[in-house]
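Given as structure tokens, the chain that follows is alone and in the form predicted alone.
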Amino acid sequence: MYIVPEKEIAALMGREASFAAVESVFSAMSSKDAYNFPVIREAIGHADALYGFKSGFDRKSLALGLKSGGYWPGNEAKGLTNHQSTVILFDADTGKVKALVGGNLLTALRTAAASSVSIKHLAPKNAKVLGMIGAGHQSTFQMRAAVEQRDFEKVIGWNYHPEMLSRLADLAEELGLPFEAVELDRLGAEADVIISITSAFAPSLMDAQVTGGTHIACMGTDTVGKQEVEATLVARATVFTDEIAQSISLGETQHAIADGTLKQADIIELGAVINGDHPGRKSDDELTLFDGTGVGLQDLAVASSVVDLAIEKGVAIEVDF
């Protein structure tokens, strides 16, 4: 068995490799070559933590395994990342443990890659303004990945705690883009692409606030009850997702499905667009929305790539198990 510690991940996996792995996974899922198993995600009743498992199997790459982890909101005060994850890979031929991989940075990279893939395939080609809702740890990964897909000229942002927007302002300056903190009415009206990355249980972005041919990537809703945008906004959009079953049960579409304004049959797998089975955006004025729930196969794909690189570079720790 190989162990790839968290401290080695940054030198092994970057945005380009993460993007390629995630795009490939979405394609394989849509062609039924890969599938996820049901997600377990529960409040454990200790440290206000959410904990769970995501797992799956890709018949093409033979990636088999699970990601174990969750969200500990008190970790930041301890000098730790609130999201804690570990990926375990198994040999598909024998069932033996193949690798244990630090999953914190990988989770951030693959989540950002997923929204970036959606921007590549669904956002208006001439998108110029990027809107960011949320300014937590994951937001910077999202912005870095997003700006690689379109020639954005400006970033505007909103956060529940405005003092945190300096994180986005600093990154925008590093990327050579002007940044402005705005209210949601203006963000919804001006942004060509909106990334929402919060852990809210009530919507912040409302239907009436979004005008024009916008692409929205909802990346924070991964638990029953969470919600980032108003259900009527979801129902008005052409909706794409990583996995339909997960989207309607714990993703952003759960609320529109529950109130009957959106039907499961109306939700499209992003992989179908990647594979050419669906045209994706049909016009510049169409409202598109990607419900990025985060599937286990994404974690397995990036972790498998990391293990191969770690072995090649001699930083993987080999142990008998």
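Numbers for residues come from their place in the sequence shown, where the first is 1. Everything numeric here is computed off the predicted structure, so don't read it as measured data.
The same protein also has a form predicted in complex with nicotinamide-adenine-dinucleotide, omitted here; what follows describes it.
Comment: 196 to 204 is the region of 196 to 204, 232 to 240, 169 to 177, 84 to 92 lying near nicotinamide-adenine-dinucleotide in the predicted bound form, near meaning a non-hydrogen atom within 4.5 Å.
Within 4.5 Å of nicotinamide-adenine-dinucleotide in the predicted bound form, a heavy atom is found for all three of Y160, M164 and G292.
Proximity to nicotinamide-adenine-dinucleotide in the predicted bound form, defined as a heavy atom within 4.5 Å, holds among H121, R150, K98, K226 only for K226. Site annotation in the predicted bound form: the residue of S116, T214, T107, S247 reaching within 4.5 Å of nicotinamide-adenine-dinucleotide with a heavy atom is T107.
In the predicted bound form, nicotinamide-adenine-dinucleotide lies farther than 4.5 Å from every heavy atom of D185. Although the partner is absent here, E190 sits far enough away that none of its heavy atoms falls within 4.5 Å of nicotinamide-adenine-dinucleotide in the predicted bound form. Within 4.5 Å of some heavy atom of nicotinamide-adenine-dinucleotide in the predicted bound form lies at least one heavy atom of R41. Contact check for R144: every heavy atom lies farther than 4.5 Å from nicotinamide-adenine-dinucleotide in the predicted bound form. If you take 218 to 250 and check each residue for a heavy atom within 4.5 Å of nicotinamide-adenine-dinucleotide in the predicted bound form, you get M219, G220, D222, K226, in sequence order.
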